[in-house]
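As structure tokens, one chain now follows by itself in the form predicted on its own.
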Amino acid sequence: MDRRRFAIRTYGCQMNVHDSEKLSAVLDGAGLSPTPDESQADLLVINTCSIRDKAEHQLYSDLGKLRQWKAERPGRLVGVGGCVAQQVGDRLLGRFPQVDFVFGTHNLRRVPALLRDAAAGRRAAWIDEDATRGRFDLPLARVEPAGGPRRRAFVTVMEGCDMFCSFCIVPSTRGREISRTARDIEAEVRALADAGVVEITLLGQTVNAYGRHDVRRGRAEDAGTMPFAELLARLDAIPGLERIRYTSPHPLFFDEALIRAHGELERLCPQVHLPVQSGSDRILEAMRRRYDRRRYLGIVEALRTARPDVAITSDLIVGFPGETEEDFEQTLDLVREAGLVDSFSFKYSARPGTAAAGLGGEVPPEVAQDRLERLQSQQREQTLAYHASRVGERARVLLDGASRRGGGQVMGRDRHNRVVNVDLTPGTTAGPGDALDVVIVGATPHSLLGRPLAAGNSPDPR
């Protein structure tokens, strides 16, 4: 008898992407088979994001359309997980009769039981917070999915956030900070490396806060944690691993040891995604970010001293309540002074239960949109200038597959996490998971253009 098939739609951050990978492993262990084709699925799970209202509205639009999907085949089931599920809970069941079960961010392990109940006609929501490390005890995602062997993998090191920035709903949807043991993290990374993974990205809502509460209380050894820089050094020594990244850090937890690590650890990539949100001290204080622009720029300078070629990217919000044109100009100035290689920028979106939602002083939508466009225009210019400065350099590119540019090109990322599109020379064959030595021959605002230095490829993606 064929196994029932499932598909997962994923919205949001890398943590959500990795949660979907974990959920896929959970469902596989429960006797279901993954399919990339939703029309062939018996179960569809939507893994949601609520960091901005646009993502939440996308879910409601999706659910409205799924009435027809369920009606096409008797017995089909729909589940909703992730941050909106954690935020809204069983209200989703009341509003959308086509939803069969709901599970929160801490409840991936509960999905098989929810699925069995749903198949028996019992709809339920499970959004209890799990403050134990047991929530990390999940099967590893497949290292050899249908699309071919993985060379990259996400690894969760901590979850939750204790920062309570005034604009952010994450502490409500992800809970308080909790760190995995270093032993478990190291074991997972070793297993991935043994299976052929060469690049890992360490994940956490404030990833460089890893172990901080245990360290501060003098109980890190008993708890099995350690300062984040020490964890990086331990992972750097694992044979077979070639690239280490992490996201997203908080500027408050950038200490001297972490900055030194960027100059000392061979496998730690020369790229840091360092969210700043605003360049105005007044707005940063209203956001409860707990640093000012001088502190942020000091971290940037220290990172470049430790690793001169480091590529720094960031997150930025425009139109925060009370933001003036002067505040916004300070953000533009910080982007220039920090020399940001790239950034993700968004208009402020009020989220329920956050302190900023009640601040007043709303920025008119058309003003916020104008500021967003001006910021993104400046960033495109800076990104293009950075890419142009790389022309003539050699780079090692770990390939993902065919380029979206078409024309027979392949694409991947270099150690600076920049997209490189490569024209394969005659006699050069390469595919997902391979690594190519290239020379950078061109630049666009979105990617680098590369040409292979020699025919063939290599498994060494440094």
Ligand code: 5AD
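In this text the structure is predicted, and so the values were computed from the model without any measurement. Residues carry their position along the shown sequence, with the first being 1.
FYI, the form predicted in complex with this ligand isn't displayed, but the following is about it.
- The contact with this ligand in the predicted complex, taken as any heavy atom within 4.5 Å, belongs to S349 out of S349, T313, N107, T247.
- Checked against this ligand in the predicted complex, the candidates T225, S343, Q86, Q277 yield a single residue with a heavy atom inside 4.5 Å, and that residue is Q277.
- The closest heavy atom approach of A430 to this ligand in the predicted complex falls outside 4.5 Å.
- In the predicted complex, none of the heavy atoms of F328 sits within 4.5 Å of a heavy atom of this ligand.
- In the predicted complex, this ligand stays beyond 4.5 Å of every heavy atom belonging to A395.
- At the 4.5 Å threshold, heavy atoms of R52 reach this ligand in the predicted complex.
- Comparing 316 to 324, 233 to 241, 296 to 304, 212 to 220 against this ligand in the predicted complex, the single stretch with non-hydrogen atoms within 4.5 angstroms of it is 316 to 324.
- Scanning 162 to 196 for heavy atoms within 4.5 Å of this ligand in the predicted complex gives F167, C168 in sequence order.
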